[in-house]
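Single chain ahead, written as structure tokens, the form predicted alone.
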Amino acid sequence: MSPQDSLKAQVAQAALSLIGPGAWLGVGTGSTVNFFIDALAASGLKVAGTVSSSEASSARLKQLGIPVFASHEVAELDVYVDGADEIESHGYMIKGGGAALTREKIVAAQSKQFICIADESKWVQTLGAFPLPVEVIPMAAARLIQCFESLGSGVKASLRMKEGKPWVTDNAQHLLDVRGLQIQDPLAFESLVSQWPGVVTVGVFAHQKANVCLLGTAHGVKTFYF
């Protein structure tokens, strides 16, 4: 196991201590969450059920015998556990590098508490070094690229590609990746971009920020409350 994977495994294990038996659990997407799913299965902790933010996580949960429900089947979730591509000192995040940002934001909004699990490489002073994912309706992609690039001379947006074709999300939409941003006011930025016609979801999680961050470091897991 690489040093970074070791940190991911540590925070995944630490998250279990914040989840009570019988909880309704939201489960996110990504490599750190995969460690959490494996730890949950190995722990024997019995949850009432889970709602997952991606097809990949749903498949992993089901394979390990953990019950998965559709979002509309559960009125409210007790806790949502997910990673981040970046997180800063107020609990604001960039998410969506794995293309599941829309479902992640839906599940986060459905949950009483959001626990972010991440390794220390994800902790930043200002959001934006990681390319910002934005899920968009395909017909609006070209115009939205222009909208982002009008924000500043160093801002560049591009359509995410896979095998020479636009990446298609679980929701049958496309993704933009926006580089060169320095997001000083995440709440205002999320509100602004979310209003642009054709934007499905912007990968700034400020209105659905983390309540807790379990950060894996070389000196152990650090816990931050927001």
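Numbering starts at 1 and follows the sequence shown. The shown structure was predicted, so the numbers you read here are calculated from the model rather than taken from an experiment.
Separately, the form predicted together with a small molecule exists; it is not shown, and the next lines address it.
Using a 4.5 angstroms threshold between heavy atoms, Lys122 counts as touching the small molecule in the model of the complex. When contacts are judged by a 4.5 Å heavy atom cut-off, Leu101 counts as touching the small molecule in the model of the complex. Proximity of Ala84 to the small molecule in the model of the complex falls within the 4.5 Å heavy atom cutoff. Of the heavy atoms in Pro186, none are within 4.5 Å of the small molecule in the model of the complex. The contact residue chosen from Gln182, Ser158, Gln63, Ser31 relative to the small molecule in the model of the complex is Ser31, the criterion being a non-hydrogen atom within 4.5 angstroms. For the small molecule in the model of the complex, the listed stretch (105-113, 142-150, 84-92, 69-77) containing residues with heavy atoms inside 4.5 Å is 84-92.
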